[in-house]
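Consider the single chain below, provided in C-alpha cells and representing the form predicted on its own.
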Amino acid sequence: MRCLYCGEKIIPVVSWGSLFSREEEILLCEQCKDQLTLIEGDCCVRCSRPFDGLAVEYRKGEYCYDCVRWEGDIEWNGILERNRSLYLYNDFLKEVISRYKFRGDYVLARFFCKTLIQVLKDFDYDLLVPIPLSQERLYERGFNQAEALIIEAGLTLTPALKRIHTEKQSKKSREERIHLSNIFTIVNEEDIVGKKVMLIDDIYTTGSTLMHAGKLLKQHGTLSVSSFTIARG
C-alpha cells in the first residue's frame, strides 16, 4: 500500500494481533501524519480555536474573542452551537486541502472521513448537510469536497442548501465576509423543519460561511445547527 498524499510505500508493522484480526487500513505514511497538528487540549469550546500561543486579550474564559463577538451580536447570537475542527490549518494541511479541493484528488477524503465518523458520535444531530458549491465552482473542481467526506464515510447527506455564485471567500476580509448578503438558499424547507443539523465543510476561518448557512437554516425552522470542519484557520 502507498501513502495517499506522498505516494511512499507504507510497510505495516506486523504483530501477533495482526495475524488474528483485520488490521485498520493505513492511508497516510508516518512522515505525512506527523506534519498534521491535531487540535486537542485547551481550546475554544465553541469553535475549536486552540488557546496555546494565543494572546490573553483574545480569550475570555472558555471562548476566543471571535466567538465572543459573534455571540455578542444580536443578529448572530445562538446561530451556531458548536464547531469541531480536527487539525490546525498549517502549511502542510494547506497543501493537502489544496490538492484535495482544487486538483481533484478525491481519494484524500478517505483519510479525513475516518475521523469524521468518530467525531460525529459526540454530537446529537438528525441531518448531515454539506456546505454547497455554486454550479460554477462545482464545474471547476469536479466534486464537492464536503459531500465527498460524507459519502466516503458511508453516511447519508441532505442537500438542504444551494449556493449562489460569488467571489471566492478566501479573497475577502473578515468584515467583508460577515456583511455579505446571504450566499445560500434553501432547497426544501420540509426536510429541515424541527431537525438538528450538522454542517460539514473543509475549513473554519472566520466562521462566516457556517454562520450564514446556519442563520438561513434556523430562519426556516431548523431546531439547532452545529458544524464539523477538517481544519481550523
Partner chain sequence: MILDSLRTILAGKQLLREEIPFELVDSPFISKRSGIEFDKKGRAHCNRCGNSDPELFAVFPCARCGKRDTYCRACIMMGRVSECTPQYGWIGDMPEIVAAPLKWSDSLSAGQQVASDRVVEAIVRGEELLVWAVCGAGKTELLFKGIEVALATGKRVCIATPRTDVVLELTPRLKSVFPSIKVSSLYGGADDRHQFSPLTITTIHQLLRFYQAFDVMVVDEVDAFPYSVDPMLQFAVKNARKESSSMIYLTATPSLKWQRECRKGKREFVTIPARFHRRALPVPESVWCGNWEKVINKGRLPAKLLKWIEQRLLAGTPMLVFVPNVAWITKLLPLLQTFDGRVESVHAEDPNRKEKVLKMRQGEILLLVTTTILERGVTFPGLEVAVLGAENRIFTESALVQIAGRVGRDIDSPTGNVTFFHNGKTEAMLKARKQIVAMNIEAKEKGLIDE
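This one's a predicted model, so the numbers in the text were calculated from it and none came from an experiment. Residue numbers count along the first chain shown, from 1.
Omitted here: the form predicted together with the partner chain. The next part is about that form.
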### Message
Within 4.5 Å, heavy atoms only, which of 127, 138, 120, 155 is in contact with the partner chain in the predicted bound form?
### Response
138
### Task
Identify which of 160, 93, 108, 79 has a heavy atom within 4.5 Å of the partner chain in the predicted bound form; exactly one of them does.
108
### Message
Residue-level contact is defined here as any heavy atom of the residue lying within 4.5 Å of the partner chain in the predicted bound form; does residue 4 satisfy this criterion?
### Response
yes
### Query
Looking at the partner-bound form in the predicted bound form, is residue 89 within 4.5 Å of the partner chain by any heavy atom?
no
### Task
Please run the contact check for residue 114 against the partner chain in the predicted bound form: heavy atoms, 4.5 angstroms, yes or no?
no
### Task
Check whether residue 99 has any heavy atom within 4.5 Å of a heavy atom of the partner chain in the predicted bound form, and answer yes or no.
yes
